[in-house]
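First, one chain by itself in structure tokens, the form predicted alone.
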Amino acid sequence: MSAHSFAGNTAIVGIGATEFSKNSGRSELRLAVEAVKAAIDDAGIQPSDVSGMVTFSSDTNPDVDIARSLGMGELTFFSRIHYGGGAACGTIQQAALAVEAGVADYVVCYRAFNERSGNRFGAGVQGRPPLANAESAHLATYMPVGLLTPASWVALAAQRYLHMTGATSEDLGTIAVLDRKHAATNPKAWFYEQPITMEEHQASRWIVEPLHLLDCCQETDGAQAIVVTSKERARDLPQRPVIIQAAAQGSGAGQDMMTSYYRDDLLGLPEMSVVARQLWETSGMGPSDMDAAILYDHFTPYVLYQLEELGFCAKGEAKDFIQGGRLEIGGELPMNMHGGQLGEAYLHGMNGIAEAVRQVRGHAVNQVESLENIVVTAGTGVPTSGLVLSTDR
């Protein structure tokens, strides 16, 4: 595989977000406009400088409505990416590709929703109309046996993973406790000043075994936006450039939408392996070069899977890798310093990218000292994506 041409030549120059809440009290379009305006202001550019926009296929906010609301003018690039949270880092890749190809100078990536007060993804698929399409036909093979929600889909694979690796519910709790510890010192996190103990994790109610309530990410109202441009333009802007050293998407063989149960085993996330291979080959770096990680934590078991697929430890060894404070600030691989989607907010991973930007800039609330390189992942169990971001060297 040849290196991606945008790698090392494009940069993130602006980030902006609304507050994270459980009831925003305003429309999803209003949230999107607020976040995009904040990101443009952070970048030190004007709305009229933006000529490209990228979001998720599931986002309800048309790019033209945002452009019209902010007075952006003409757009020369617009794109949407499927597969829910798996799209997060893919939006940055799309933006970098557009910038490198010269079809847009500044591209805004955004995601906005009222996921708690409005359409709650975690409620499941049982209420969907029986449309005659491939997705409905696929779901029909699982719904009769009660596999209706993202939690149930993940739990089925996770139970097998725990059985085969010897990992326990307490190991999953280690991830939840860590995220909430970091969120507790992040004033923008929903769970600010609300850490949890392992005992509280274990006492939280079952959602679908082996997932407790505290193994499942939040439902959040809010929006996040990110501005991408070339490295050369970035160096003339107010913020410290955050270089996109690698960006990749990946879908594994036999891939389904969170129900890939017919592979040789259920002990991996091949889609993340596809992403990892591209990230390390394109950036010329590897796991040992990463100073921190932002790993998509919609459900705690898949954090363990990701550590293995990314090469931070061998298959089946994540339960041991996460012990001894290795993932805490000051540890070998600080993770989710903002609190993750378990502790800060569930913005389909876009807030994790923003935290990685703050870390590279050097002004995060829970800053990792001397950070130069950070890896970021998007949603797993679905076709997914990832990033390696670095300081401007």
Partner chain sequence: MTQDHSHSLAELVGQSTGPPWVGLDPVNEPMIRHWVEAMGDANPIYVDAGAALEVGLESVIAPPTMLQAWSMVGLTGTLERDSQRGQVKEIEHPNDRMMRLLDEEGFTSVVATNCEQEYLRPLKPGERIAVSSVIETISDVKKTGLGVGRFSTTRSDFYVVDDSFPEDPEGRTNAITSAEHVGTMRFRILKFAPGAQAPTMPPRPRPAITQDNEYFYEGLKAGKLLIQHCTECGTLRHPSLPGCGACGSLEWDTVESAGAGEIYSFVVVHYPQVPSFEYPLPIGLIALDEGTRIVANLDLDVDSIAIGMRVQARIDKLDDELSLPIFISAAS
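Positions refer to the first chain, counted from 1. Please read all numbers here as calculations on a predicted model, not as lab measurements.
In what follows, reference is made to the form predicted in complex with its partner chain, a form of this protein that is not presented.
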(message) Looking at heavy atoms inside 4.5 Å, which stretch does its partner chain contact in the predicted bound form, given the options 134-142, 67-75, 308-316, 95-103?
(response) 134-142
(request) Answer with one of 237, 184, 285, 207: the residue that has a non-hydrogen atom within 4.5 Å of its partner chain in the predicted bound form. (result) 207
(message) Within 4.5 Å, heavy atoms only, which of 189, 155, 274, 196 is in contact with its partner chain in the predicted bound form?
(response) 155
(message) Taking its partner chain as it sits in the predicted bound form, is residue 232 in contact with it (heavy atom to heavy atom, 4.5 Å or less)?
(response) no
(message) When the contact criterion is heavy atoms within 4.5 Å, does residue 253 count as touching its partner chain in the predicted bound form?
(response) no
(request) Give a yes/no on whether residue 268 approaches its partner chain to within 4.5 Å in the predicted bound form, heavy atoms considered. (result) no
(message) Even though the partner isn't displayed, in the predicted bound form is residue 126 close enough to its partner chain, meaning a heavy atom within 4.5 Å?
(response) yes
(request) Could you tell me if all three of 146, 261 and 264 have a heavy atom no more than 4.5 Å from its partner chain in the predicted bound form? (result) yes
(message) Only counting heavy atoms and a 4.5 Å limit, does any residue of 160-187 reach its partner chain in the predicted bound form, and if so which ones?
(response) 160, 163
